[in-house]
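Just the one chain here, laid out as structure tokens, in the form predicted on its own.
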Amino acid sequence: MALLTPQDLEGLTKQLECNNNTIKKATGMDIADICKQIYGTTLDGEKVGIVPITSGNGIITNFSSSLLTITEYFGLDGAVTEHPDVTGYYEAVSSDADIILMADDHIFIAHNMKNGKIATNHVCTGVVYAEIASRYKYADSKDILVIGLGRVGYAGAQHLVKRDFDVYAYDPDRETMEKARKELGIIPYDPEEEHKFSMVLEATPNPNTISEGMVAERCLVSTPGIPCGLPEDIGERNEIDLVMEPLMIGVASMLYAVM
């Protein structure tokens, strides 16, 4: 999974409000409403145990406290365990947590202890960012571009195909593109051929992946990627609604997914 830094998590509450306002303006719905539409579930003050994990590169400063802020933002009863790892897991279970959140270098999960549902961050992030892009009020067609077909982008593309959008996709890896074409039915996109989209899902860890020829004058770019794939000059020359946030939106998606 993409590893966040402490700097990525600074000013989280402000990021939450800013992105929620952008999403409302662009889609007419806030993030909670969008998650309810995707999963058909609601949150109702559930108790969430947040377990720090020390394996691999270790605990990211502010990560657990950021998850706590997010759970509280959505009206849940969050708590970070006093101890990490297995001891922390035991602590969360013993305190009768409804949902447990924990992550290592490879996977970030939400596990509902009451109904057994498990959700992964990469799938839920891809799905919710794709859904946000697909609900753009000013879209001029059902064409949507997905840039990057890693775990997040692939999940997003799959969700959009199921929703009957015309999904164009680009990834520099030819095998990945061919796999997505065969399994999902995506339309391979050639960056050298100008085709402007009013809906873009950018799911890469690279800057400046979006070129002038990809975006319509009025466009929604939905991206969980760090750094941002939208160059500043392109954003300034076009009327682009940018949804970009490193953690909250994907976590919200996970919480609703396991209800």
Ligand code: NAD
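A quick note: this is a predicted structure, and the numbers were derived from the prediction, not measured. For every residue, the number given is its place in the sequence shown, counted from 1.
Here the subject shifts to the form predicted in complex with this ligand, a form of this protein not shown in this document.
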{"property": "Residue (of L149, L145, I99, I132) lying close to this ligand in the predicted bound form, criterion heavy atoms within 4.5 Å", "result": "L149"}
{"property": "Single option in Y89, Y73, F165, Y170 placed near this ligand in the predicted bound form, where near means a heavy atom within 4.5 Å", "result": "Y170"}
{"property": "G235, heavy atom within 4.5 angstroms of this ligand in the predicted bound form", "result": "no"}
{"property": "Contact test in the predicted bound form: C219 vs this ligand, heavy atoms, 4.5 Å", "result": "no"}
{"property": "4.5 angstroms heavy atom contact with this ligand in the predicted bound form for S211", "result": "no"}
{"property": "Proximity of G225 to this ligand in the predicted bound form, heavy atoms at 4.5 Å", "result": "yes"}
{"property": "In the predicted bound form, segment of 91-99, 111-119, 137-145, 170-178 with a heavy atom within 4.5 Å of this ligand", "result": "170-178"}
{"property": "In the predicted bound form, residues of 182-220 near this ligand [heavy atom within 4.5 Å]", "result": "A203, T204, P205, N206, T209"}
